[in-house]
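Just the one chain here, the form predicted on its own, laid out as structure tokens.
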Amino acid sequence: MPDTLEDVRKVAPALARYTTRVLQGDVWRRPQLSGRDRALLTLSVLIARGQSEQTPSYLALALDHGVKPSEISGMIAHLAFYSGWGNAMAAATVASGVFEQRGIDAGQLSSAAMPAALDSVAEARRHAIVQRKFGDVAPGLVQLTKDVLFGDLWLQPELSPRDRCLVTICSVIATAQTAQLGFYLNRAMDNGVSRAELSELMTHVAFYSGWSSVYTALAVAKEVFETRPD
């Protein structure tokens, strides 16, 4: 957690109280998500919103909760595509300092796992829909989405497909891109994320991206939950 709580108490004692009693004392301890998952979600929101000042404390917390350096590295690269290169580059700069303090070197930033397998049928279906909608408007972007985003980035082994879904959902909510949310909620459930976990994700993220952004997202989540058989 941030290490400036005493300074916060001098300015906003109510905020300090809610941080201690509600955020730290309740939300972070709820069993529906692991501490590791919560750290990953929180970092995703901070990076997506460009909140670099808070990032070092949560990077350290993530490492303490078992998030691997390679997973943090993969998350930063992933979020470059979803929250913008500037936010990802700023996060990489912050992470560099934390990694140096922890003695984490470049050898710990790659994964020995094999890349994920591409679901060629599902990807062909996704690409056909996007091509039909936007192929005449931005053919370059549509092709890069196929070749780089889903044909490369999503297959990289530093983050599991499950975690990539969680990271992406957090970024979409944090940047209020609700029109994209349904696709990624369905993708998350296809990759083993349960309704209970997604529900708790919404609760957790509300504290970091704001109540209004999450309540807007809840309408999409409700529709997805009601239309899926599982």
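Residue indices: 1-based, along the sequence shown. Bear in mind the structure is a predicted one, so any value in this text is a computation, not a measurement.
Form predicted in complex with a further copy of the same chain: not shown, discussed below.
Colleague: Based on heavy atom distances of at most 4.5 Å to a further copy of the same chain in the predicted bound form, which listed stretch, 170 to 178, 186 to 194, 33 to 41, 60 to 68, is the contact stretch?
Modeller: In short, 170 to 178.
Colleague: Can you check whether E123 is within 4.5 Å of a further copy of the same chain in the predicted bound form, heavy atom basis?
Modeller: No, E123 is distant from the partner.
Colleague: Any chance G25 has a heavy atom within 4.5 Å of a further copy of the same chain in the predicted bound form?
Modeller: No.
Colleague: Decide whether D152 counts as a contact residue for a further copy of the same chain in the predicted bound form under a heavy atom distance cut-off of 4.5 Å.
Modeller: Heavy-atom contact with a further copy of the same chain at 4.5 Å: present for D152.
Colleague: Answer yes if any heavy atom of S96 is within 4.5 Å of a heavy atom of a further copy of the same chain in the predicted bound form; otherwise answer no.
Modeller: So S96 counts as contacting a further copy of the same chain.
Colleague: What residues in 7 to 40 sit within 4.5 Å of a further copy of the same chain in the predicted bound form, counting heavy atoms only?
Modeller: Contacts from 7 to 40: V8, K10, V11, A12, P13, A14, L15, R17, Y18, T19, V22, L23, D26, V27, R30.
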